[in-house]
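Taking the form predicted on its own, here's one chain by itself in structure tokens.
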Amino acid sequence: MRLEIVTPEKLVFSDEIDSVVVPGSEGEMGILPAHAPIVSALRPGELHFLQKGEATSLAIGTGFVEVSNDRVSVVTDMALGVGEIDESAVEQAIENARKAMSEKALPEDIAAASLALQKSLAQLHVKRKRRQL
């Protein structure tokens, strides 16, 4: 099946794969060839796929996944591979988001800081997981 991952900036990935797991809004969703058609919201987390037996992980943000006709399309606001993640910058972003959440009184400010925290934690998870392998 073909996987396409697109952000507002670029086409991140487009190729044939064996399987993919995406962080759906209701939990992780595994997708294999001949999967039933579906459209689902994505939450920040780890997207990983197998291609010719090799595993690849990306930290992704919010967006949508659409599965149809042996094609998986992921549209997200962030998709970063291990090599693109600066761990010290992510740790600083986590600290800033936590501080903002504790200081802000407006619900929309808290929601924005919470989303930034979720994206940063996804990046840190992907970076540190790869280091442990």
Partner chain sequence: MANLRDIRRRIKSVKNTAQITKAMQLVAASKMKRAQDQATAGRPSADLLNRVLNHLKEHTTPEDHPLLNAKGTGKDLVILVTTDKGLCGPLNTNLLRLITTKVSKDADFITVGSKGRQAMARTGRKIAADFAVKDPVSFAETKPISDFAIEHFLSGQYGRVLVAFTNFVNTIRQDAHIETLLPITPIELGAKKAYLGSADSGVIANSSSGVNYGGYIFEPSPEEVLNVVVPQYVGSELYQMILESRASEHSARMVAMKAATDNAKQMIKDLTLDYNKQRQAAITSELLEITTAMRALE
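Numbering follows the first chain given and starts at 1. Source: prediction; values computed, not measured.
One more form of this protein exists, namely the form predicted in complex with its partner chain; it is left out here, but the text below deals with it.
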{"item": "Stretch from 79-87, 93-101, 52-60, 65-73 whose residues place a heavy atom within 4.5 Å of its partner chain in the predicted complex", "value": "65-73"}
{"item": "Contact of residue 31 with its partner chain in the predicted complex (heavy atom, 4.5 Å)", "value": "no"}
{"item": "Any non-hydrogen atom of residue 111 within 4.5 angstroms of its partner chain in the predicted complex", "value": "no"}
{"item": "4.5 Å heavy atom contact, residue 6 to its partner chain in the predicted complex", "value": "yes"}
{"item": "Sequence-ordered list of residues in 25-45 near its partner chain in the predicted complex, where near means a heavy atom within 4.5 Å", "value": "25, 26, 29, 36, 37, 38, 39, 40, 41"}
